[in-house]
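In structure tokens, the next block holds one chain alone, the form predicted alone.
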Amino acid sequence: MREAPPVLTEFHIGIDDTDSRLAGCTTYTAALLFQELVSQGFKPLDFPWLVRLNPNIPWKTRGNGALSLHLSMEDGRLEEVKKIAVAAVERTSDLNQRATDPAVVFLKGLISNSLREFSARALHDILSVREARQIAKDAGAEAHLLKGSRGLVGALASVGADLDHDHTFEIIAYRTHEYIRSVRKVSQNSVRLMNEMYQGSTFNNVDPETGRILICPHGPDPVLFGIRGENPVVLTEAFNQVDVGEPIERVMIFKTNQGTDAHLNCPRTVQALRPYQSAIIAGKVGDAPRRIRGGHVIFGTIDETGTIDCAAYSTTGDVRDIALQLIPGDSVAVSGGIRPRPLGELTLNIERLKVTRLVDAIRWENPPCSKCGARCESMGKGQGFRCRRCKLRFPRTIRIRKLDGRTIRLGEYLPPPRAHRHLTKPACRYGISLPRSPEKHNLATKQTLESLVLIPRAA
């Protein structure tokens, strides 16, 4: 008599805050753990997830990313996996840094609606540890905190993220330990050639205006470079076009919400804004744009509940230039992060600017003299006009109304790639049909998880 096949269950692992500004990277922790589990025979349900959360959080390390792994296994091996996971997090966490608060979350079975809602809010709001503890309890999740508790929010949110619809992938190469604090040896010419070969299927490799290479970070973390794109198989091909001059310890492909604008999906009113949220404000331009020191542009946006200053910084390129051309009365939808000012006022730092309606630009001119045709001069506020040559006088009401031509156009304006945040949706991704074809996604997932989990690569 045949034995019944073992009953498999879904098992989810969330990880956050293993890094600091001086060392480490939570993606590295997840890559190491994922590859260790796969090498021991555990079956992944998907790629590791790299979930970028609200980018305005003031205590984030760099890109506010949290990681989650999703597996299928027998109940009898759950404790084994937990021990492996906790050990991996302990081994790769920078616990000597005060701001580092690693957390590991374990969840068996399906993800609850309350957890999904919590994860969605973590994209654009500030969530408390207290709420995270309650959500974990309600969802049946088990949390391991290695020091403080702040990492619990991200670890939990990464498990409940929605990557079923719009998502991208990133392939990341990691450095060996002895190279971590040295200059990254990545051939810039090879990156430019790769970018030309894979335009449309990868994005934000090179800034088109400056030629600056964007795939390499600059800090002391273990990431050598990362390429983002639409398909994991194509990403692997692009990866192999990049020439490097140092050994690579490991490579991992992540499924991610990067490049999706996932944080900019929450319309709010001015009155409801709170510091460090991400928001979309729809309204009219109130105060005329003004240029301030550093080349930045500030203008006021009014909705039915109030007014907020919107800031287009010099690094935002077209966004700053378009903002300078707005006039009071134009209708806009402004997306970005909410920052507090010293006196308690708020500013919206623009990440995306949509111009939805333009008003006429009106210019009033002094009238010509009816006798000699010369342009009249004003006699002072409310006192009418006078022809200097003929001495004739005219009432104030005969000013001439002129329409100035405007070069600005309706549409959506984005900063250049060098100023993008991890979540910013690049122009090349606009118009991608969603949801994606399940057949194509499953095929790519099956191919890549089976053959590309551990990618051999020599320097």
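Note that the coordinates shown come from a computational prediction; the quantities given were computed from them, not determined experimentally. From 1 onward, residues are counted along the sequence shown.
As for the form predicted together with a small molecule, it is not shown, yet the points below apply to it.
Inset, instruction - Using a 4.5 Å heavy atom cut-off, indicate which stretch of 146 to 154, 244 to 252, 363 to 371, 315 to 323 touches the small molecule in the model of the complex. - result: That would be stretch 146 to 154.
Legend entry - One residue of K60, R406, R399, R429 in contact with the small molecule, assessed in the model of the complex (non-hydrogen atom, 4.5 angstroms): Among K60, R406, R399, R429, a heavy atom within 4.5 Å of the small molecule in the model of the complex occurs only for K60.
Inset, instruction - Let me know the one among V359, M379, I126, I298 whose heavy atoms come within 4.5 Å of the small molecule in the model of the complex, would you? - result: Looking at the other structure, the residue within range turns out to be I126.
Inset, instruction - Considering only heavy atoms, tell me if H420 and the small molecule come within 4.5 Å of each other in the model of the complex. - result: Answer no; every heavy atom of H420 is more than 4.5 Å from the small molecule in the model of the complex.
Legend entry - 4.5 Å heavy atom contact, L53 to the small molecule in the model of the complex: Yes - in the model of the complex, heavy atoms of L53 and the small molecule come within 4.5 Å of each other.
Inset, instruction - Verify the contact flag for V104: yes if a non-hydrogen atom of it lies within 4.5 Å of a non-hydrogen atom of the small molecule in the model of the complex, no if not. - result: No.
Legend entry - A122 within 4.5 Å of the small molecule in the model of the complex, heavy atoms: Taking the distances in the model of the complex, the answer for A122 is yes, it comes within 4.5 Å of the small molecule.
Inset, instruction - Please state whether all three residues S278, G337 and E351 have a non-hydrogen atom within 4.5 angstroms of the small molecule in the model of the complex. - result: The answer is no: none of the three residues contacts the partner (heavy atom, 4.5 Å cut-off).
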